[in-house]
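Included below are C-alpha cells for two forms of one protein chain, each presented in isolation as structure 1 and structure 2.
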Structure 1
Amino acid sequence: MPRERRENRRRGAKTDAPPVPVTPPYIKRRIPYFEMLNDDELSIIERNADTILEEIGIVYGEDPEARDYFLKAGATVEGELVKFPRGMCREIIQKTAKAQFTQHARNPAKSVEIGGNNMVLVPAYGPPFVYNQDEGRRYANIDDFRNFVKLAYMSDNLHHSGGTVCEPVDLPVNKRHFDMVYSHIKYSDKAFMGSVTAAERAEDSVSMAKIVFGDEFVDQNCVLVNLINANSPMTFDATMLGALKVYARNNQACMVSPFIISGAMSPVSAAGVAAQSLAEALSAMALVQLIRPGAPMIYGNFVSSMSMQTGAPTFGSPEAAQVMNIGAALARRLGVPFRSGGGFTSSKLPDAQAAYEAANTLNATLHAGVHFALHTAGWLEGGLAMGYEKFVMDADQAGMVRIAAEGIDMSENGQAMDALREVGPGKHFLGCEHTQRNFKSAFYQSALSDNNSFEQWTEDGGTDMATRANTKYKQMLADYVPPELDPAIDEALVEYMDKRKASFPDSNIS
C-alpha cells in the first residue's frame, strides 16, 4: 500500500477517500524509439498492405451494413469480400482520426493519455482460468475478477483497470458483462474497458458508463476502450463488428487488433505478418471513421510465434518482438495510437520461463513505443490463466518501464561532477552530499526481488520470488480500501443491472 494512502488512514481520514496517486497516472516517454526498419522498408510494408486490401480484400461477410459503408466510400464489394482502392483506408483514417486522446477515469486524477509520447500499462485480458500457488489452476469466478480489479487499483505501476481481467465463469455468459463493468466502477477508480461479446452488451457498457459520467460527457469524451479482434486472416465477424459499430457511434475507442499466431493465421515471416495485420486493421479503422468521423481508436497488434513442432503459440520470442516493433512504427506513420505487448508467456507457473518471456516482451514493448500495453500483468499459459503471483510480479516489473521511459538525467545534478570532486579517488560515495540528496529516488526498488546476502535470505526463509508474490498479493487484498463512489451512482448502476438482467433469461450458450 503506498505511503500516502497509509498516512491518510493513520490521520483518520475517511477510509473511502480517493487515494492520492503516488506515481504519475501514466508514463510520459522521453527516450527515443528503437526502430528496426527504416522508412523505405516501412513503405514496403505499407505498399504490401495496400496490395492485400486492393487485390485480396477483407471479408466483412456477416455485416451488410459495414459493406455498405465501404461501398459508399469507394470500395468494391464482391459478395462478402470488400476490396479497397490503394490508399483509400489510410486517407479516410488520416482525415479524421486522433493521434492522441484522453480516456477519462471516474477519478480525473487517473485519466490516461493514449497516444503521443505516453504509455499506459494495463492488466491481462480474457483468461478463463486463474492460478495461484495454493490452489493451482482452476476456473475463474467473479470474486477473482474483483480481486484483480482491486490489485490493479492498488498497483501504482498499472494505469488502467483493464477489461475482462478474467472470465467470471460462475456467471451466465450473457449477463456476466454487467458484473464485470460494475466491478471496474465499484472497486476501482481507474479507466476500464467495455464488453465486446455482443452488440447489446456493448450498449449496456455504454449505458452504465453514462450513469457514471453523464450522457453528454460520454458522447463527447472517451470513457471506454474496447478490444475489437479481427478474425484473421482478413476477416471480421458479426460479433466484433456489432461491438465496433456500437462503440464507434457512441464515440468510444475501438482498439482494432488482429489476433495472429504466425504460421496459422498469417505467414511465418515478420514482414508478412505486419502487412497482413496492417491491412486488416486499416479496413476496420476506416470503418470506425466512416461511422463516426473523429471517434477515438487504437491500432492493435497481438502476434505470437508458434512452435513448429506442436503448433502451440510461443511467447517472448524475438520474432514476435519484431512484428511489434514494425507495428508501432506503422502506427506512428499512420497517426493513430498503438496497442501491443505485455507480459506474455506460455508457462503454466510463475517460474523462470514466465519471467524470461514476460520480460522479453515487456522490454520489446518499451523499445517499440507501444501506447496501450494490454496484458502487462498476470498473463500465464498463453492467456488461458490469470496468475495471482504473476500479476504482482509483472506489476513490479512495470515500475521499471516508467523509469526506463524517463530516460537519462543530463542535468547538473545528473552529471554529478560535484560528487566526483567531493569524493575523489579511492573513497566511497555513500555519505557524500550528492548521494544523500538523491538516494531516495536514485534506483527503482523492486518490492519482490530479494537482493540480500545468501545468509540473510536464508534467515528470511529462503523463498523464491513466486512465494514472496503469493504473500504480497494476499497482503494487498487484505489492505484494500475501496475508492469512494457516489451512493446515488452506485444505486443507479445496481438498478440498471437488476432491471436488465431480469428482462431476458440466463444463457450459457454465448
Structure 2
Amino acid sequence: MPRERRENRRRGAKTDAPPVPVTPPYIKRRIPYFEMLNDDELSIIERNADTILEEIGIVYGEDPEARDYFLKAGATVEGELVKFPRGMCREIIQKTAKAQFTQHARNPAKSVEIGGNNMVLVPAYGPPFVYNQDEGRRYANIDDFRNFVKLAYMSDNLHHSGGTVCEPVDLPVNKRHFDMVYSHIKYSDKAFMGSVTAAERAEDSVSMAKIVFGDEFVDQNCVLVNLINANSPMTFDATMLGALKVYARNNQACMVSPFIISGAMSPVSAAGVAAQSLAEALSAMALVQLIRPGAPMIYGNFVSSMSMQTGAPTFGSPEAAQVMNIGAALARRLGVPFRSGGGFTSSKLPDAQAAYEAANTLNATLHAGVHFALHTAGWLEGGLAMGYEKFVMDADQAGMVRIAAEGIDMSENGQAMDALREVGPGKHFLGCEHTQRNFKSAFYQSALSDNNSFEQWTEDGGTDMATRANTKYKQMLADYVPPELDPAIDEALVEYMDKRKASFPDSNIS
C-alpha cells in the first residue's frame, strides 16, 4: 500500500474515493498508559535507587574527568567509585532536563518529537550477522547496512533510520563508522543515530552532521541520538563515557541505557532490576546535565530475563515487560523521555516463536508508554542477527501499533450515526455513503497477511508469511529511489571521510 500510494502520487493518478491519509512522521499517542505499580510502589523503587547511589555507588572507570564533575557537584569519590547524596542526581536532572525535544531530520517533514505523548519506532541496532531465506545466516557487510537503511526509509511505519542497523564486518573496525553515518545521510532523509564506540568516532559523527545541518544549527538543535550503555552492574566504562561527553558538549541526545540480563547483571526480581537500572541511569543523566545543562537525553533500559537452565537471554517474557512498564512510569515521574521495547525474539528464524515474542514486546512497549522504541524491526537470535524477512514483518506490526496508539475516533464521522440512519435494520453497510467515504482508511491493511480463502491462497502459491516477506523486501529494494541530497553536501561528506580515513591505519581491533 505505501509503495502504491507513492506511485499514484508520482503519476498524478486520480480515484473517485478519498485519498488515504498520509502516515505521520511519528506516532501521536491518544490512549492512556497502563501502569503496573501505584505511586507508593514507584516511590519505593525511587528510594531504593537513591540507596544504591548513596551506599553502594557507581564505578566510573578510567575517567577522572567524569568523577571530577561529580565531586564538584557534591558527590563522594573513592578511587573509581562515586557515591551520591540522596536526591542529588534527581535534583540535577530535573533542574535543566527536557521532557520533550525535536530530533531534526535532513528532511524537515520527517523530524521526530521524542517525549510527551509521542512514539518513535526505530530499527534494530548492533547485529553482526544477517539472515534471509535464500542465504541463511552470514556475517553482515556494508551492502546489508545500506539495504536496511533503504528499507527503513521506505517503510511508512518506521520513523527513524536507526544507528548500527547491522555491523558491516567487511570494513575496518576503526573506520566503518564513517560509512555507516554516511549511509544514513545518503540513502535516507529520516533522523539517525551517531557512533559511540570511541570518543573520536562520536566526534566524526558530529562533524558529519555539521556538514549536513551547519555548525550553528547542530549546536542549538538535536540532530543525533546516541546509545550510551551502562556496563551493568553499576559501572560505566571509558568508551561509553567518552562518547557521552562528546555528544553532551555538542548538545546532542544521549540515550543512557543500562544493559541488563536479569539474573546475571542484576537481581532476578522486577523491583530489584528497576531500582538498579534507575540508579545507573540517574548518575549518567546527571553527568550529561553537568556537562551541558539542558542537553537533550533519554532514559533507556534494555532488560531481558534469562534461562536459568542455560544462562541464555530470553525475550518476549512477562518479567521483561514488567520492568519496561516500571521504567516508563519512573521516566514520567522524573520528567524525561523513555527508551525501551521493540520486536525482540530469541528465535533464529522469522517463525512463530519470533512472531509471538516480538508481538508480546511490541504490545508491552505500546501500553507502557515508550517514547523511543529502538529494536522495533529486524531483531533475530537475541540481537545477533538482523533478519530481512523479520524486518518487513516487524514494520508491518509497527503499523498496527500506530493504529492502536491513536485510539478511538469519537468525532461525528467516528460515531457513524449517519450510516446507521441511512441503512437501518436488516440491510448491509457495504454501499452506504459512510462506508464509501471511509473504506480506504477504516481498517489497517497489512502488506503481508493473507486473508483470502484457502482455495485462493492455494492458487496463489500457498506461501507462509516469511516467504511473502522475502518477496516483499526484495521488491522494496528493487523499487527504491534515493532521496535528494545536495551534491555539494555529498561531496563535502566524501571529502571529509576520505581525509579522515587516510589519516590513520586500518584496524580490526575495536
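Quick note, the numbers are simply positions in structure 1, starting from 1. Each form is matched to the other, and the largest set of C-alpha atoms that superpose within 1.5 Å is called the rigid core. Just so we're clear, the structure is a prediction, and the values are computed from it rather than from any experiment.
Undergrad: Specify the structure that is the form predicted in complex with a further copy of the same chain; exactly one of the two qualifies.
TA: If we ask which form is the one predicted in complex with a further copy of the same chain, the answer is structure 1.
Undergrad: Rigid core aligned, does the Cα position of E381 differ by 2 Å or more between structure 1 and structure 2?
TA: Result for E381: no, shift under 2 Å.
Undergrad: Superposing on the rigid core, do we see a C-alpha displacement of 2 Å or more at R421 between structure 1 and structure 2?
TA: After core superposition, the C-alpha of R421 moves 2 Å or more between structure 1 and structure 2.
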